[in-house]
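Quick heads-up: it's one chain on its own, the form predicted on its own, in structure tokens.
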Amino acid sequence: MNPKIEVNDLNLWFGRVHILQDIDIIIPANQVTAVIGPSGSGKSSLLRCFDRTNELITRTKTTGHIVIDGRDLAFEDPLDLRSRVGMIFQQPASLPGSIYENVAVGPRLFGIRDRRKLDVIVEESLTRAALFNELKDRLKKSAGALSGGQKQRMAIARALALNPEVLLFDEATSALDPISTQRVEDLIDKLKSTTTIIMVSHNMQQAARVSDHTLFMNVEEDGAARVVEFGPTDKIFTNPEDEKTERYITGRFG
């Protein structure tokens, strides 16, 4: 396994509440890792550790180390980090303005002003998000008029415009219809050839269908979330080592 992200002794507090406790995992490069577990088990909080957006919450404390390609995130500039680690959220969202401007906003933020360069970035990003052919004649129109599925793929294109190394999907298909969900899943499968993907999902069928590795998290009696089991998806879903994992994936708790 070629490691992309190494997490060592990670702990997270919001105020006095211990959210994540003693997390030690290695995320493989250019594969899809699903993060599953009951509500409140720290899945989204873990995801936000990878782009340091937990720091935007007051009274947050993090200890331990997260290393991407040998670089400790604690010493990274947060803005630069978030250009390399993109996040796709649960609700499909568009920024004010045109489809073109929605995709170009990141490159503009990082100083690209040349229209020809932006044109190439927008077209390539929408193409990678399997959206360019649908929207190529509407790029100057409002992004707010897109369907939910199109908005979500546009959000993926917006992240891809910065050529990220890692993409984080936080329940990114839970608000979509089945057809749009399938398109996003197909897209994830294509993107993993060049991008490491971590996806939080409550949908066990989706996690089994899309991911290469699965991480199961659970809240223990003391209220902190810990990793119960992590391994290849086929093993987690067919022959888990921990009884808690088996009970969760078979729907007997959570």
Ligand SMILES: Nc1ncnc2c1ncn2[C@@H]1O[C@H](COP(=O)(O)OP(=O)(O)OP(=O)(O)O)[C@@H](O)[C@H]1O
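Residue positions are given as counts along the sequence shown, with the first one as 1. Keep in mind the model is a prediction, meaning the values are calculated, not measured.
The form predicted together with this ligand is left out here; the points below concern that form.
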>> To verify the annotation, which of these, Thr53, Gln31, Ser44, Gln206, has a non-hydrogen atom within 4.5 Å of this ligand in the predicted complex?
In response: Ser44
> Do heavy atoms from each of Phe14, Ile57 and His202 fall within 4.5 Å of this ligand in the predicted complex?
Replying inline: yes
> Is there a heavy atom of Arg48 no more than 4.5 Å from a heavy atom of this ligand in the predicted complex?
Replying inline: yes
> Heavy atoms within 4.5 Å of this ligand in the predicted complex: does Glu171 have any?
Replying inline: yes
> Using heavy atoms and a 4.5 Å limit, would one call Ser193 a contact residue for this ligand in the predicted complex?
Replying inline: no
> Can Ile19 be called a contact residue for this ligand in the predicted complex at 4.5 Å between heavy atoms?
Replying inline: yes
>> Partner absent here, but in the predicted complex, which of 57 to 65, 23 to 31, 184 to 192, 208 to 216 has residues with a heavy atom within 4.5 Å of this ligand?
In response: 57 to 65
